[in-house]
Structures are given as C-alpha cells and as structure tokens.
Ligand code: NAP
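Encoded as structure tokens, the following chain is the form predicted alone, with no partner shown.
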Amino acid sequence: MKIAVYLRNRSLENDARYLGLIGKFTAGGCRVYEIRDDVPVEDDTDIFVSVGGDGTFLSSAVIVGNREIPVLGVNLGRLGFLSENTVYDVVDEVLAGKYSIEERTLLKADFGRTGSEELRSAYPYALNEITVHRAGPAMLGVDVAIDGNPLPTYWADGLLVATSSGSTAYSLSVGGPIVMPESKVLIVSPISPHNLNVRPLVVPDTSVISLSLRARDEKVFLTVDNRSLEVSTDLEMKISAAPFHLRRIRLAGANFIKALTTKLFWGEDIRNGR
C-alpha cells in the first residue's frame, strides 16, 4: 500500500505523534512518502493522509483534486470534524481494512466572463462552502436564484452556500441547519442578515444557484473554503455540485452523531445524565 502524508504545519514535523504515525505505517509494510511543495501526489497512491486539523483537510482536498484518491483525516488540531481521527487509531484500523469510503459532495463556482483573470484561473472547488462577504462598512445586497427562480434579495454582511459536509463549519455559526453528511443537499445561508424574515434554505444538490451583488463598495471578499480573494462587486457566479466527489475515509468506529455530542456538546443537559 502506498500512502501519501501531508502536514501543512511544518513546525510539527518533529512532533512525536507525527513521526510515530509514519513509523507505524512503514513498519506495517506501507510505502510512505511526504507531500511537499516539490513532491506532488503520485498517481498510484492508495491513501492520502491529512495530518493536522480541518483546515489541513480542506487543503488536502485541493491537492488531491479529481484523482479519486481517498483522504484520511488525522487530527493534531482542535475540533476536527473532517479530521476526526487520532494518530493512535488510524494505522491498525487502516491495515486491518476496518474503514469505509464516503463520497462527499464538492461545490463548483462558475464565474463566466465576470471577474479578474486571477479569479477565473483559481481552483473553483470547495468541500465546505463558498461565501461572499462585504469588504467595507456598507451592507451587501445579494440576489439569488435557484434554477432560475429568483429569491427576495438578501441584505446582509454576505451569503454562503454550503455542502452537507460544511453544515458544521461556517454555516453552523450563521444559524444554518446541521445536516447529515450523506445528505444530497446544499445550504444557502445569509451572514448577519438585516431582513428579519429570511431563513437558511436547503435545496437539492442538483440545483444551480446564481448570485449577483448590490453594493456601495467597489470590492467584496470571496472565499472558497479556506482560500480568500478580494473581487469586484460586479461579480456574477453560478454555484453547483462539482462533477466529481471527494472520497473520505471513515474508520469503523467513527460516527457523525457521536462527533456532534462529543465535540460540540450537542444536547448537553443535566437531565440527560451526562
């Protein structure tokens, strides 16, 4: 088995947990190599191991791209929904084949002819969310259409479109719903809306979501997962599900509901006896 290991935070390269992970895979008969700027992903790689936190996992999704190499998240960070596994669990489980592979929906942003050359050449795919956010003090108007059907204008700090994977990320913090990761839906949520009567909207992942802006400022921020650009307010884009998926490894003992209760303390109540 050939395993690629990616550690974005190079200050941890001498961390005993990281070195132990590589050592155990090697001792188990795996061919292990580290991903660096000058070391690309090899096409015959069996597993891509992302070591860090969820930000590292998002960067790993960009590195893997559409190669369909399954990604395993190992948590050296803080919360870790995508990178939920500890270094002490993964090696034995992987070598024993005690895991399954999920196919996670990715978003694709299509900017058409609008925007700068830098924007049109940027990697347009996101695992968690794509957002537009005001860059100045003025409120932002976001016009949204779902499959060509216009919604009332959102007046807010911005707006995000998230996948089910992203429901526990930025979408959660702006009041979006928690969605089981295998659900085939997209979430449209305003960020700090000034409309009292708007709510997050859940749509099928077959939808095409069109966005255009009304703004007094000349620039807004566009984020695609953990990547950010300052763009012109004449931006128009269409967001839809990407034509490929991210393949994520889930170990046998992993469970989304368990992650919600242990990491976010969901439903924590003295009456529940915990």
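Residues carry their position along the shown sequence, with the first being 1. Remember, it's a predicted structure, so these values are computed and weren't measured experimentally.
One more form of this protein, predicted together with the named molecule, exists but is not displayed; see below.
Asker: Please state whether every one of the three residues 6, 60 and 85 places a non-hydrogen atom within 4.5 angstroms of the named molecule in the predicted bound form.
Answerer: Negative, none of the three is within 4.5 Å.
Asker: Does the named molecule get within 4.5 angstroms of any non-hydrogen atom of residue 78 in the predicted bound form?
Answerer: Contact check for residue 78: yes, within 4.5 Å of the named molecule in the predicted bound form.
Asker: Contact with the named molecule in the predicted bound form for residue 91, defined as at least one heavy atom pair within 4.5 Å: yes or no?
Answerer: No, residue 91 stays farther than 4.5 Å from the named molecule in the predicted bound form.
Asker: If we define contact as a non-hydrogen atom of the residue within 4.5 angstroms of the partner, is residue 128 a contact of the named molecule in the predicted bound form?
Answerer: Yes - in the predicted bound form, heavy atoms of residue 128 and the named molecule come within 4.5 Å of each other.
Asker: At 4.5 Å between heavy atoms, is residue 70 in contact with the named molecule in the predicted bound form?
Answerer: Result no; residue 70 lies far from the named molecule in the predicted bound form.
Asker: Looking at 169, 106, 156, 198, which has any heavy atom no more than 4.5 Å from the named molecule in the predicted bound form?
Answerer: Checking each option against the named molecule in the predicted bound form, the one that comes within 4.5 Å is 169.
Asker: I need to confirm a contact call. Of 173, 192, 100, 183, which residue comes within 4.5 Å of the named molecule in the predicted bound form, counting heavy atoms only?
Answerer: It is 173.
Asker: So which stretch, 31-39, 202-210, 236-244, 219-227, is the one near the named molecule in the predicted bound form (non-hydrogen atoms, 4.5 Å)?
Answerer: This holds for exactly one stretch, 219-227.
Asker: Listed by sequence position, which residues of 49-68 have a non-hydrogen atom within 4.5 angstroms of the named molecule in the predicted bound form?
Answerer: Residues within 4.5 Å: 53, 54, 55, 58.
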